[in-house]
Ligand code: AMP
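Only one chain is given next, in structure tokens, and it is the form predicted on its own.
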């Protein structure tokens, strides 16, 4: 319901076909896909973890915070995500206006690619560029046109990551830091920020991720062990939007049990 190319039902079916036994749905800044995903997971005898990937920042550096099992009716969490979604629309419009100076795309085309989602963002602009034959896929769109250092880049509002960790905790959720070592995407926060996040309630740290080098995985595993964080893995699957494939990085049953234990 954010930047994937499949519906929540299709994601659950793809997860079952990939041989997974438990899967989390973590759309960006929306919980809208939970009900249909959980219903389909039940039909498929697939364990389902309701989650969300919350956009946040620390001193200008983007941080994606995963929240598992937060209360779906928590007013503070919902308000935080709604403000971010609204800011994304304004940002996307400005990016499109800049890109359109050099490439033949329109806001109407981008809106068409995001009409079935709750959150509009750069992935939908990337899809528009792909559909127009201007780039081969989303990854190429980001590496060639939409990366953070491009002349088309526009920053957007996102809450401070420590505030997000606290809000998730207050909403009964369990938080984890998504792809903290993905330095190929842009700047990443230093270890001191992970330490600060742990002090205010961070539970998990993604270690196994496509965008992590072997060196980053080793570094993050050491950080997780030192701080008592649960080491996690994730495919970061977006359907046809990215090369990532379901099950290419996994979370162990022991790590899942530790996350569930942290709910209390």
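Positions refer to the first chain, counted from 1. All values reported here derive from a predicted model rather than from experimental measurement.
One more form of this protein should be noted, the form predicted together with adenosine monophosphate, which is absent from this view; the next part is about it.
In the predicted bound form, adenosine monophosphate sits within 4.5 Å of a heavy atom of residue 185.
For residue 152, no non-hydrogen atom is located within 4.5 Å of adenosine monophosphate in the predicted bound form, even though that partner is not displayed. In the predicted bound form, residue 121 approaches adenosine monophosphate with a heavy atom inside 4.5 Å. Contact annotation for residue 169: none of its heavy atoms lies within 4.5 Å of adenosine monophosphate in the predicted bound form. Within 4.5 Å of adenosine monophosphate in the predicted bound form, a heavy atom is found for every one of 88, 139 and 241.
The candidate stretches are 32 to 40, 199 to 207, 217 to 225, 233 to 241, and the one lying within 4.5 Å of adenosine monophosphate in the predicted bound form by heavy atoms is 233 to 241. Residues from 1 to 21 that approach adenosine monophosphate in the predicted bound form with a non-hydrogen atom within 4.5 Å are limited to 3.
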